[in-house]
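Shown here is one chain on its own, the form predicted alone, set out as structure tokens.
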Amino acid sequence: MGSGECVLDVRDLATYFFTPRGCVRAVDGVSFSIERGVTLALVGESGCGKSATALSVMRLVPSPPGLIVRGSVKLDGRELLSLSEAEMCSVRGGDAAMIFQEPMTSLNPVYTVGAQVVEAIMAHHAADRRKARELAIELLHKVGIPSPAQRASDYPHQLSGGMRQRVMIAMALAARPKLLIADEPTTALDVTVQAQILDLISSLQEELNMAVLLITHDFGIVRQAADRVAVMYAGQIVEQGSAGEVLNSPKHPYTRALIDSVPVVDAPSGTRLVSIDGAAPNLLDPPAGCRFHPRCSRASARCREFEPELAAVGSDTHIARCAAGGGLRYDC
């Protein structure tokens, strides 16, 4: 686990998108922190606000229509939301780096991968182009790309999906960041390559002692890679704790439903997959009370009226907006 030194501290972060149809509360009062050397997995269905949270941390929310309306994002004690755009540019790729979902759309198709890694290095290091290319080849080797000097001259379309993702990781690590945000880093990769990419991130995290924010909807990845877990639903965190606490003793009904919906390899023949009833709410007009209550079989009249706050459930490190998933309920 971590050293106890907080790298990223997010408090009451809210990001809204102002559209012709109304205000979409994509991120609505999110708080979490990550220590050095720790991986926090942000988990939830598509559209729950995971990627919007990551983009908000990096201040990459497209504006308009998006706007960070309140909150605090501190990286190593430095408030990012008050920085100028020029100052923030030095943070991105420096102290904080991000790996995006699809490397084919993140890499420039008309430049070689080596040139793109060189550019990332020169943006944050006082190195001439020759030295930067040597460092780029060294980075490509570090992330497991065979024949890195030769591959540096290739264009993105000449590499496999796994290789392109390794290039993205090399670019992200060019300045040895304190924080790495990995947004669905194994999307569209086969399971063998997924495991390789996760192992690579883990080994580089150990080497650099980075904090990692891992965004995913896959609980298999969470079990393999996460130290802590935060579960998002409809723009809010509904449960947070250590990976063992959340995965083995989920307290929120949504967390329980997500875990129960994961297919079991050795399940008896004829076992039906468990699904979550209903659909995620429209964030233009989220439901009153608990946002999960329209889909929750345990919902009471109180759940429909009052919005529960995050509270400790079992330990100081395990918090949830409702404990009904574990057979308990606190008065919200």
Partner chain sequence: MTVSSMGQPLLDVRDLKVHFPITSGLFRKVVGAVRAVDGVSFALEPGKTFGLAGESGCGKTTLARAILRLEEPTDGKVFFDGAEITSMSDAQLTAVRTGMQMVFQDPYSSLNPRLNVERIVSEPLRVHRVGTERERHERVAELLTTVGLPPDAAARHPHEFSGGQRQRIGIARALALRPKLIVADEPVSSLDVSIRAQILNLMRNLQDELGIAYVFIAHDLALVRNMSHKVGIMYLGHIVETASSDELFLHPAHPYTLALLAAVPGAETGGRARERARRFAPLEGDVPSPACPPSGCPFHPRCARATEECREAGVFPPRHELAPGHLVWCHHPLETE
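This is a predicted model, so every value here is computed, not measured. Numbering follows the first chain given and starts at 1.
Keep in mind that the form predicted in complex with the partner chain is missing from the display, and what follows is about it.
> The partner chain is absent from this chain, but in the predicted complex, do P287, E309 and H318 each have a non-hydrogen atom within 4.5 Å of it?
No, because P287, E309 and H318 lack any heavy atom that approaches the partner chain to within 4.5 Å in the predicted complex.
> Exactly one residue in S242, S203, S261, Q150 has a non-hydrogen atom within 4.5 Å of the partner chain in the predicted complex; which is it?
Exactly one residue meets the criterion: S261.
> Would you please decide whether R295 lies within 4.5 angstroms of the partner chain in the predicted complex, comparing each non-hydrogen atom pair?
The answer is yes: R295 has a heavy atom within 4.5 Å of the partner chain.
> Any of the heavy atoms of E134 lying within 4.5 Å of the partner chain in the predicted complex?
Heavy-atom contact with the partner chain at 4.5 Å: absent for E134.
> Any of the heavy atoms of A301 lying within 4.5 Å of the partner chain in the predicted complex?
No.
> Report yes if any heavy atom of K178 sits within 4.5 Å of a heavy atom of the partner chain in the predicted complex; otherwise report no.
Heavy-atom contact with the partner chain at 4.5 Å: absent for K178.
> Just to confirm the contact call: exactly one of 234-242, 203-211, 216-224, 134-142 touches the partner chain in the predicted complex at a 4.5 Å heavy atom cutoff, so which is it?
Among the candidates, contact is made by 216-224.
> Quick one: which residues from 269-292 get a non-hydrogen atom within 4.5 Å of the partner chain in the predicted complex?
The stretch 269-292, when checked against the partner chain in the predicted complex, contributes S269, G270, T271, R272, L273, V274, S275, I276, D277, G278, A279 at the 4.5 Å heavy-atom cut-off.
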